[in-house]
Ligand code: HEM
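The chain below stands alone, shown as structure tokens; this is the form predicted alone.
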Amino acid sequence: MTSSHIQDPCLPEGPDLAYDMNTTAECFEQLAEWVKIYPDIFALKPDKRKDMTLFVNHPDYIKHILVCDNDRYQKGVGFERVKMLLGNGIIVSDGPFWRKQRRMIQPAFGKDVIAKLVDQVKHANLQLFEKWHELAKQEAIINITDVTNELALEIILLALFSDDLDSVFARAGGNPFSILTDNSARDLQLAVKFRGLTKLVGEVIEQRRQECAERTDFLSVFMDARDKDTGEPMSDKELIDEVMTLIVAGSETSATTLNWMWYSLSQHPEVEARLHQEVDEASYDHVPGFENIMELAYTRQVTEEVLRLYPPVWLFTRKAIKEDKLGDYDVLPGTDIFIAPYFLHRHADYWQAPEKFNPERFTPEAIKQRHKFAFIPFSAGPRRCIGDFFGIVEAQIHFGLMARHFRMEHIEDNPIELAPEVNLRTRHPINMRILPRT
């Protein structure tokens, strides 16, 4: 890390309190107060950490950090806990290694591959449809939080392992990855258990090599990838770390979005009615395919409005590795940068009536008129979430099928409260009465 030559840096104003930000409910509440006073940027003295913190909430500054001068920054604080869970996959890796891995797995998330993987998404949703068909006849109450957790996990496992998933379950005597949905804590105990599953993933990789089996899934694309400079494939450890990363990141962000989306539809009957009209008038017979997603434009708008209000990753970090400027302000090497999509997506300078649920914000015309970096649910720039398109398609297919046949009525038993930890979950499960649509 370079040292600074700035003798008297120009820093933004900020609170007097020395404070270390983290993905905790207490930090979330504190940030909510500070953002009212300093809506664009503020400086914060460290408490137990050694470096100054900048909280950045202006789209121009965010564009500068994540895109224009991204080489002046690297992954920031808070990734140590994530690394215990995920290994050195692309969410936590940095520098030349990250660039190599990103290039190698990028093809797996191209539209041509996702078009083929839609069959896995459809399969999981059709299985759930059969269960919901029976439950709707009884107007049963379902825990939509648990259901969306399990569905999203099943989808990403199918997309990764396809035909080999049954053999994984057979070896483990059930779904070994359900530890992610059975327990919401993301602590050391879970990390140890989850990393223990790497052996199973390694066995699948080895079996595929021996059988030379053709598969249409993420793992096959990862295994076929070659480094453009050396021609070498990923090592087993690199493959396993990317698989473990995708299982966690691919399931938890989608589950959070689907959970909030069912709740939001139940609270906004006019939005629900328009989404129903769209799925009813679409040309597919029962479940949409990849070729139908353009017909589900309003469903995508609803998904994006959910991502605006409830971005799955509500807070993330960078660390300055070189001197820089944000407007008039100096950024010293070592500075911890915090960016919170949750608060950026409610910035009154860029969003009219920001607390209102309004999918019209995401019409093509509205998007053109808005600052491009006022909406970053998947981050931005080279480190933008690689699976963002897959996640949107997943939501379109789910609602394209389910909203044709069912609607959900919120049961007001648990309060709707945010749980702002690594992901922006609901603190309590959301229970819904499932009703057949007539």
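Don't overthink the numbering: it's just position in the shown sequence, from 1. Please read these numbers as outputs of a predicted model, since none were measured by experiment.
Separately, the form predicted in complex with protoporphyrin IX containing FE exists; it is not shown, and the next lines address it.
Distance check, T335 to protoporphyrin IX containing FE in the predicted bound form, heavy atom within 4.5 Å: Outside the cut-off, so no.
Partner proximity in the predicted bound form: A320 to protoporphyrin IX containing FE, non-hydrogen atom cutoff 4.5 Å: Judged by the heavy-atom cut-off of 4.5 Å, A320 is well away from protoporphyrin IX containing FE in the predicted bound form.
Any non-hydrogen atom of G400 within 4.5 angstroms of protoporphyrin IX containing FE in the predicted bound form: Contact check for G400: no, nothing within 4.5 Å of protoporphyrin IX containing FE in the predicted bound form.
Residue contact check: H268 to protoporphyrin IX containing FE in the predicted bound form, 4.5 Å heavy atom: Contact check for H268: no, nothing within 4.5 Å of protoporphyrin IX containing FE in the predicted bound form.
Joint contact, V313, F378 and G391 to protoporphyrin IX containing FE in the predicted bound form, by non-hydrogen atom at 4.5 Å: The answer is yes; V313, F378 and G391 each reach protoporphyrin IX containing FE.
Of K83, K131, R102, K193, the one that lies within 4.5 Å of protoporphyrin IX containing FE in the predicted bound form (heavy atoms): By the 4.5 Å criterion, the partner-contacting residue is R102.
Heavy atom within 4.5 Å of protoporphyrin IX containing FE in the predicted bound form - residue from W351, W98, F290, Y263: Among W351, W98, F290, Y263, a heavy atom within 4.5 Å of protoporphyrin IX containing FE in the predicted bound form occurs only for W98.
Which of 85-93, 204-212, 270-278, 168-176 lines the interface with protoporphyrin IX containing FE in the predicted bound form (heavy atom within 4.5 Å): Correct option: 85-93.
Contacts with protoporphyrin IX containing FE in the predicted bound form, stretch 129-168 (heavy atom within 4.5 Å): Result: I156 alone.
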